[in-house]
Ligand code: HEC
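Heads up, the chain below is alone and in the form predicted alone; it's given as structure tokens.
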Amino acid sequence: MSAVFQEWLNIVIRWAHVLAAIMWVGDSFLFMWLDSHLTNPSRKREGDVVGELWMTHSGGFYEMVKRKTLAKDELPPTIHWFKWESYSTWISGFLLLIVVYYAGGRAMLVEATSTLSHAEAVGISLSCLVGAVAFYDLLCRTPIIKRNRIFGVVGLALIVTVAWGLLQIFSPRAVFLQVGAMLGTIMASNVFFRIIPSQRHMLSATSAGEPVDPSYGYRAKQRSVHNHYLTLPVLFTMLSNHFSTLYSHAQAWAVLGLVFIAGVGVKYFMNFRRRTHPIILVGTVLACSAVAALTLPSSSTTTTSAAGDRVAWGAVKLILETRCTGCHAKKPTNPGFAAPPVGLTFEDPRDVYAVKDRILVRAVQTKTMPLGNLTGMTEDERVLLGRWIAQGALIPGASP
């Protein structure tokens, strides 16, 4: 695949994915908010009414009435469904996974030292997507589905365990995205296989004038709530490739678990606010604090020490040319890139100096660059880069 064509596919699909995700997450937030703010009807209403809500927006007033079921003669000519937001998010996300990770080369999924081929890594990734949906559905058929807290704890334990296992196979950067893709696939499958079919069944029974089985509505709502509380954690994994300090941690599986706890806690607070139990607030704050504490760079690391002989620019330049400028050049020689990633080029010393702090984090402290260590940067080279930066990152023409 041409690098330029792949770049454009990345742009178009990523744009579509973000837009679709905004709509899907927005729907989830809106309907959960509506349900949590329903009040008893202010006047007598016909039908199986469970609550009402008044809103104002865009210069008008909206009256929302929720009915648990409808009678045959109450069916309106048009009912609006909310499904394509979910489907388009998953389809665009899967296409993005193909373009960036599956077609992007082996280094996007595994480290250079891995014994897996690119095809094998892709096969494992795809199998995990299918396996996640199957296992989640089996879990929903067990008695613990009736106990939300127990189900949440078991789910978190499984997510953390899967993350730990995947870290033995994929690069940490890919693991965070893979976990997000698995959960996103579960969410989309909930809509496609459970929520929409349940709603169709209820609508068909109503149209036929038959009694509506309330269990269908209960199951649909249950899966919808699961999706709702996964939104913030999954959004984090979508953006996780920007957070190298988190995914590069030695216990990245624990960091991911803490982020998920924080995300669910924040979502719960958004839903219930003043009714939020103090334990949830405390747990959310502690999870955020633990992530911050875990990912603080160690002050004792030798890779950022200024001690030792002064590092000349020539030595740094050689490392960059050997390990980095295949991608970070005005015209990359790496066939996977039509332009330098995130616009960074290392051919001019002044450009290198301008981003020395980013180089320190990515190449020295977190060791997440080069990507998958494709070019084989050695530990000695990382130490040398760290020492050069700690000594002031002197470049030609700069005063010592």
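From 1 onward, residues are counted along the sequence shown. Here the structure is a predicted model, which is why all the values come from computation and not from measurement.
The same protein has a further form, the form predicted in complex with ligand HEC, not shown here; the description that follows concerns it.
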276, 241, 148, 199 - the one with a heavy atom within 4.5 Å of ligand HEC in the predicted bound form:
241
Of 99, 324, 166, 191, which residue is found within 4.5 angstroms of ligand HEC in the predicted bound form when only non-hydrogen atoms are counted?
324
Heavy atom of each of 160, 170 and 252 within 4.5 Å of ligand HEC in the predicted bound form:
no
Work out which of the listed stretches, 356-364, 58-66, 22-30, 37-45, brings a heavy atom within 4.5 angstroms of ligand HEC in the predicted bound form.
356-364
Counting only non-hydrogen atoms and a 4.5 angstroms cut-off, does residue 51 reach ligand HEC in the predicted bound form?
no
Is residue 377 a contact residue for ligand HEC in the predicted bound form, using a 4.5 Å heavy atom cut-off?
yes
Please run the contact check for residue 349 against ligand HEC in the predicted bound form: heavy atoms, 4.5 angstroms, yes or no?
no
Just to confirm, residue 344 within 4.5 Å of ligand HEC in the predicted bound form by heavy atoms?
yes
